[in-house]
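Starting off, we have a lone chain in the form predicted on its own, written out as structure tokens.
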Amino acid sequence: MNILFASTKEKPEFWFPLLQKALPADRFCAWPDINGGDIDIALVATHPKGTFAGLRKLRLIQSLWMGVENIVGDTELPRGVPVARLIDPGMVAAMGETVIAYVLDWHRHFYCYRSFQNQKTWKRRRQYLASDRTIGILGLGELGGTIAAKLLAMNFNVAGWSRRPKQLDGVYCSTDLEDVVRRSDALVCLLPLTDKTRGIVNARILALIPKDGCLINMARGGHVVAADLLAALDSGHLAHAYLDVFETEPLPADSPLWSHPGITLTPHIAALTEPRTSVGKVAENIERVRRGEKPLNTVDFAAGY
């Protein structure tokens, strides 16, 4: 099969050796070389504008990321071609490490102690047990479920919200967003970005987080209303916020998020796709298409992810 690699973020030189080893019978090309339009599979991540124009033989669009909002929002997306999300074990592990690091940073008051150090202040904060805290997770998919299990193993209480009913051992699961947020001393956003989830973390929701709680947004910048978050921090209601994603990336130099003392931010690095752990998942879906089977982790276009 002819396989196109089209991405403005991922580098084909990192992927091609692994892909060619996993799929030695197939032919690979990198955008803008589209092999005269004779392409069976498109591997994409923030693909260039016009990628899908003229690709009339496509049998699968395989995302190289878990998020697919850039793909499903493309007006040139060919109808009837399945789009598959990438569930990368390396990315899942990295996201778990990042979320747990931030939960512990807040839980153990390390964000405070960094400030105290800058002020040369010798001061202790009250110590809490993990069992004193409830960590709320918005989104109970592959990422949310894995992180919930790790938090439970550390003796935190865990509550989770999902659009559809779910059951996870040891987790308080609910489809009532406000119920979950009220229970959550720390709120972790792992949701896909859709019309229904854009702006979901707003002033009303932030006010429901117990005082001195924190927000951890590892999903998309569009989930959080930034002005509302800044107001919640300035009022003293929220103790801290950890942001890895932003409405505009790179984050503009004049954004107040850069210098706010209540915010820890990182440049969208919470969990990067790892070719060494994900190429097997990509190859598996390509082999399924070759055999005439349905690919795994295909997008539900009605839901938007």
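Every value quoted in this text rests on a predicted model; they were computed, and no experiment measured them. Numbering starts at 1 and runs along the sequence shown.
The form predicted together with another copy of the chain exists for this protein as well; it is not shown, and the discussion that follows is about that form.
Residue contact check: Phe110 to another copy of the chain in the predicted complex, 4.5 Å heavy atom: Close contact exists here: in the predicted complex, Phe110 approaches another copy of the chain to within 4.5 Å, heavy atoms only.
4.5 Å heavy atom contact, Gly280 to another copy of the chain in the predicted complex: Outside the cut-off, so no.
Exercise: Phe28 in contact with another copy of the chain in the predicted complex, heavy atom 4.5 Å: No, no contact at 4.5 Å.
Non-hydrogen atom contact Leu272 with another copy of the chain in the predicted complex at 4.5 angstroms: Leu272: yes, in contact with another copy of the chain in the predicted complex.
Heavy atom within 4.5 Å of another copy of the chain in the predicted complex - residue from Leu55, Leu265, Ala239, Ala45: Looking at Leu55, Leu265, Ala239, Ala45 one by one, just Leu265 meets the 4.5 Å heavy-atom criterion.
One residue of Ala159, Ile100, Leu86, Leu177 in contact with another copy of the chain, assessed in the predicted complex (non-hydrogen atom, 4.5 angstroms): Going through each option in turn, the one that passes is Ile100.
Whether Phe16, Lys21 and Leu140 all lie within 4.5 angstroms of another copy of the chain in the predicted complex by heavy atom: Looking in the predicted complex, the three residues Phe16, Lys21 and Leu140 all stay beyond 4.5 Å of another copy of the chain (heavy atoms).
Another copy of the chain in the predicted complex: contacting segment from 169 to 177, 71 to 79, 199 to 207, 87 to 95, heavy atom within 4.5 Å: This holds for exactly one stretch, 87 to 95.
Interface residues of 123 to 138 toward another copy of the chain, as seen in the predicted complex [heavy atoms, 4.5 Å]: Heavy-atom contacts within 4.5 Å come from Lys123, Arg124, Arg126, Gln127, Leu129, Ala130, Asp132.
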